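The chain below stands alone and is given as structure tokens, in the form predicted alone.
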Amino acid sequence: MATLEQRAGNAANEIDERFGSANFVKRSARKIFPDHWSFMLGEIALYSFIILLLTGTFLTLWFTPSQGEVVYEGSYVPLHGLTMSEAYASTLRISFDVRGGLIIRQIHHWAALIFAASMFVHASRVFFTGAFRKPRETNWLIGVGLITLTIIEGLLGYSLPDDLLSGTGFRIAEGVLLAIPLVGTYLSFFLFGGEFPGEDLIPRIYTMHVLLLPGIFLALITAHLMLVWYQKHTQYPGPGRTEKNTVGYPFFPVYTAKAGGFFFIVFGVTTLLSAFATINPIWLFGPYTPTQVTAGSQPDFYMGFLEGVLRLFPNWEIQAWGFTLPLNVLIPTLVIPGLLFTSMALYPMIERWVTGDNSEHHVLDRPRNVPTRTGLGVMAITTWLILLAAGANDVIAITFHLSINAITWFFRIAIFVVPPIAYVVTKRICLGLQRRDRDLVLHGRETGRIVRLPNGEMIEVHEPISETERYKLTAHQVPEPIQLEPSTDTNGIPRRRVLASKMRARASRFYFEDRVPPPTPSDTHELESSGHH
């Protein structure tokens, strides 16, 4: 009787004889992946997406995507006899009548939040370490697209139960559509199937939520992983790590075992959150009615910054020829987010233009060694946090018994004052850390031992750092600012694109004017001449 190993070998031979897969599998199993805890952030996003697919498939079996009205007669007694949509009634049925339905709903919602959060944090890691540089600009664009789709997909899924809280959010979405000049009313009628709320909204967003957008997600995530596989994974600087090699563990069996275990950890944590922390209790909000609105309603965190922009923007409108252009809705919900995401998508190209760096990069930057980029990233995160807090100005006012007008004006001023301060402080900290690293390489580590020399001088004994640590602190280059080219060439002929050259030189000075060059081998004599031993 054939053993299990023999059966597996026979099956592998059968497959290889038809598809020639043995060489590919062998190369893939030996592919090296570097090891660092920050690389798990992207894995959390991937595993959360898998959890979303699994739980979402379960929920589709019982959810009814219809706005047709029914009278509720289910298990939740406080809503007995109330008229509601079939979507809301089926969500209540999933929560109270389907075995395991409530925990699956909770897992689905928590996984969505974890997915969005891990996407943001993963993108921040990629930004601060320079992992978006050549040849990974395409993967950065895919990541920005995934974040944008995550916000849209979250809004659609959040609105499917048709409860009072989610309906309030789509009432805001209707206002955004109506604010678009010329075509706004047509878009609103197309989405809602007539006057708000219409009868076609839930079926249409259901199709987009469970079919269209997940398909796009699968395509983009697959392309993202294929590019990571083809272009090889980035790695942090260290001994033996160069732009031409990868130091780490093989894909099989080490990486696969760790990835499999980590998937179950993510699934387990998500399940524990879902079991002990209630989220989106729609039975407390009640079914959506256009004549009502919930007090203190707040969207999920990934939509919070849009809420904040909308609440902070002044009440500006343009009225002419019998038409009204509501800038107080159009600019904060469409123009500003469009500019933010566009600048985020184009940043790798902007930095490459400023630095003139067209070489490939597979070794990551330490954030302290690129202070301008790190400062810009912290400034962006600070702006996002301020907008997120501003989106809860009413909750803050009620909780702390403050004036909502005073809070709004505080955030209006803070949005222009605090981010630049965060940039300056972050850049100063990075430059200070660079100087500390330089001193550590040149003078060694402080030991705390004080020695008295024969001449009476008191010195502190320093000990050299290890070669591994020395390499880590010195294995980077600090480019010098690009110099402004003369307005004429050697023959006295005026150069073309002088304005672009001036802009590039100024931007380069902005990036590299404050610089702390890493110590070179010729600087090591300072260790001896300084009197530190």
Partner chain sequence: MHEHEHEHEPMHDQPPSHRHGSTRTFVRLLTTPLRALSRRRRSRFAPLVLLLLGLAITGGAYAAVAPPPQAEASTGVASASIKEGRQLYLKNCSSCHGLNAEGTSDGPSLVGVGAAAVDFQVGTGRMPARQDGPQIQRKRVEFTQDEINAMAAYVASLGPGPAVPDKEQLDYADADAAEGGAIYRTNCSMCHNFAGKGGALSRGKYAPSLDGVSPKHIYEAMLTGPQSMPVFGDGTMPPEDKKAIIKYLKITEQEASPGGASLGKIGPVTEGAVGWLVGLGALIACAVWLGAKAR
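Keep in mind the model is a prediction, meaning the values are calculated, not measured. Positions refer to the first chain, counted from 1.
Only in words, not in the display: the form predicted together with the partner chain, which the text now covers.
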TODO: Report whether the minimum heavy atom distance between D394 and the partner chain in the predicted bound form is within 4.5 Å.
DONE: yes
TODO: With heavy atoms only and a cut-off of 4.5 Å, decide whether D300 touches the partner chain in the predicted bound form.
DONE: yes
Task: Touches the partner chain in the predicted bound form: I44 (any heavy atom, 4.5 Å) - done: yes
Open item on the list: How about G157 - does it come within 4.5 Å of the partner chain in the predicted bound form, if we only consider non-hydrogen atoms?
Closed with: no
Open item on the list: So the partner chain isn't shown here. In the predicted bound form, which residue out of F411, Y347, Y206, F120 has a non-hydrogen atom within 4.5 Å of it?
Closed with: F120
- [ ] State the residue from I459, I398, I421, L211 whose non-hydrogen atoms include one within 4.5 Å of the partner chain in the predicted bound form.
- [x] I398
Open item on the list: Only one of these stretches, 448-456, 108-116, 145-153, 422-430, has heavy atoms within 4.5 Å of the partner chain in the predicted bound form; which one is it?
Closed with: 108-116
Task: Any residue of 273-290 that, in the predicted bound form, places a heavy atom within 4.5 Å of the partner chain - done: L273, S274, A275, F276, A277, T278, I279, N280, P281, W283, L284, F285, G286, P287
